[in-house]
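Before any questions on binding or motion, here is one chain by itself as structure tokens, the form predicted on its own.
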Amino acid sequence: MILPAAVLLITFLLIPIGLTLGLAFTDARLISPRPAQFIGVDNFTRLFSDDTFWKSLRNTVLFAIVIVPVQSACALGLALLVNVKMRGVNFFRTIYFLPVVTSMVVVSMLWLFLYQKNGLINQVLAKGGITGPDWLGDPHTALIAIILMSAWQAMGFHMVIWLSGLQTISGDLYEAASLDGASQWQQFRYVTWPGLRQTRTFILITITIAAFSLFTQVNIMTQGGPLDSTSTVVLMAVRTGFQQQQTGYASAISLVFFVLVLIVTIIQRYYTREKA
């Protein structure tokens, strides 16, 4: 019974990890008549002295720091709004979830037009007397623009997860709290929030991992520019491996990225663990 799962696990997880670990210490190129040579830690020495890597790491961490609380909080707000029994609530749930089922490529192309200097967003701002910036062409606003778009696109997915968590909380608890005179805020603080412990741990980890793997929208909307202001670690690894064909160096980037995500996940698990 476990053989198919074991084959898939070995083929698509263990072998790629093993190859990455091995290639990271070589000068392998994607297409080269010369066989790969072992070069020790040269790739890592080069990586840690590469300004583009540190910019990419800073952008990735900044994106994660902003997107995790913003996206989870907005998704929880939507879940609370649609967690009611009233006519038409399924319509709003569908509308909020709609961006999730739309391809990130399509969403990125759509927002690419919205963010143009003469796009819809700047035209709306102009109605209020505000001159909108060149969202994706300005290093100061490009990453912010991608954060806003990313938060909007994935919000519906996490709304559904929050909603499933809300519906596991017994209505008797709310009824008892109401009889005790608890306000809406007190019910949320002492009934809803503790009841969402497992849900918020899951959401925290999934959003963090997704944030660190930021790639598609950046690749389509800015290609890491302007001036590397939106470059990410994953984008740098892909660009190095496939465009520049430096497979060994790209493997070193991927290995460092893997270690970073592993450390963050372990820290998150430590602080969100069940305490005796």
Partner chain sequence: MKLNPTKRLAVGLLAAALPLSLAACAKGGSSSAGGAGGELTMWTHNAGNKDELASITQIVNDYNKSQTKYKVKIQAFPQDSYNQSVVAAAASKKLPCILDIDGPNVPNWAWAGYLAPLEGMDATLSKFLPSVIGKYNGKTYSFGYYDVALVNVTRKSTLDKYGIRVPTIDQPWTKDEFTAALKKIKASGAFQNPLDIATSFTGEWWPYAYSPMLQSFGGDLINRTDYKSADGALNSDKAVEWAKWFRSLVTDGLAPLKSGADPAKDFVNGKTAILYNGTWTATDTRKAFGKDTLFLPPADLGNGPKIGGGSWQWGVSTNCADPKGAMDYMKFAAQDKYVASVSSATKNIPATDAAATQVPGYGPGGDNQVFRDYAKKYAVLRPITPGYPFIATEFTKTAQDILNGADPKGALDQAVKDIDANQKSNGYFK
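Here the structure is a predicted model, which is why all the values come from computation and not from measurement. Numbering follows the first chain given and starts at 1.
Beyond what is shown, the protein has a form predicted in complex with its partner chain; the following relates to that form.
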If the cut-off is 4.5 angstroms on heavy atoms, which of these, Val100, Ile169, Ile144, Ile205, is the one near its partner chain in the predicted complex? Ile205
Though only this chain appears here, would Ile10 touch its partner chain in the predicted complex if you measure heavy atom gaps against 4.5 Å? no
With the partner left out here, check for me: in the predicted complex, does some heavy atom of Thr26 sit within 4.5 Å of its partner chain? no
Contact with its partner chain in the predicted complex for Phe242, defined as at least one heavy atom pair within 4.5 Å: yes or no? yes
4.5 Å heavy atom contact, Val234 to its partner chain in the predicted complex: yes
Do all of Leu80, Gln187 and Tyr190 end up near its partner chain in the predicted complex, with near meaning a heavy atom within 4.5 Å? no
Which of the residues spanning 75-91 lie within 4.5 Å of its partner chain in the predicted complex, based on heavy atoms? none
